[in-house]
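First, one chain by itself: the form predicted on its own, in structure tokens.
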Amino acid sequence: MASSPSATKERLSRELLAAGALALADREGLEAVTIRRLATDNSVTPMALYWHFKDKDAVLDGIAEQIYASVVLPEQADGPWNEQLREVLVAVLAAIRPHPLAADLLAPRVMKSEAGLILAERVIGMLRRAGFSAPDATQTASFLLCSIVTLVTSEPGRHAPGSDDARDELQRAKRAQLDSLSPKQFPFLLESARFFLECEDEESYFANGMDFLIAGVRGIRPS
């Protein structure tokens, strides 16, 4: 017997569908996320999903909300503002790192969910108390989020969606391009070529990125 519309709505909550969409994006990239594909994966008709998502853009909003909701913010505490800021940014990074193929959704959607609003309020509030003006705090917070996203999506050697053969072919093409450079004209690029293609120490890569961001914020802090 087919499920009634109300029973289907009960079974397919917005959170469950968004989690499924995020898992699909993690495996195959955002291009694979469509209303029709989600309906197929959940064994329902596309119409059943319209209870929760009117179109693909709404699904993408749901994916961003899932990631923001996974940010485990540290407790408010006393201490140097830059150390507190780093703890918050580390928490954001930890939530984004598992989802490099969906990370580009986050910056334009930070104000579209309660979790995103809470995060924005926390970071902007910290910057305001550190002495930044309202516009500078807002711009700096936006820059920090975009920078963390870029840190994740630009990690050397990060796997793109597709088959192993396709990924290997892409890596070979990149290596061939770098190896073809003139040693006389680009000696330092050739010396560093493999570091563009692989990340030897992920934890060091992300820790250095955090150091860079915090040092930058400290450098532009109003005296």
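Worth saying up front: this structure is predicted, and the values here are computed from it rather than measured. Under this definition, the rigid core comprises the largest set of C-alpha atoms superposing within 1.5 Å between the forms. Note that residue numbering begins at 1 and tracks the sequence as displayed.
This next part talks about the form predicted together with a further copy of the same chain, which is not shown.
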Handout entry: a further copy of the same chain contact at L178 in the model of the complex, heavy atom, 4.5 Å
Key = yes
Handout entry: Contact label in the model of the complex: D136 to a further copy of the same chain, heavy atom within 4.5 Å
Key = yes
Practice task
Find out whether any non-hydrogen atom of A120 is located within 4.5 angstroms of a further copy of the same chain in the model of the complex, and reply yes or no.
Solution key: yes
Problem - Non-hydrogen atom contact E83 with a further copy of the same chain in the model of the complex at 4.5 angstroms - result: no
Exercise for the section: Could you tell me which stretch in 45-53, 188-196, 58-66, 32-40 has residues with non-hydrogen atoms within 4.5 Å of a further copy of the same chain in the model of the complex? Expected result: 188-196
Problem - Whether I124, L144 and L213 all lie within 4.5 angstroms of a further copy of the same chain in the model of the complex by heavy atom - result: yes
Practice task
Just give me the single entry in V71, A130, L151, L105 that has a non-hydrogen atom within 4.5 angstroms of a further copy of the same chain in the model of the complex.
Solution key: L151
Handout entry: F195 C-alpha shift between this form and the one not shown of 2 Å or more, rigid core reference
Key = no
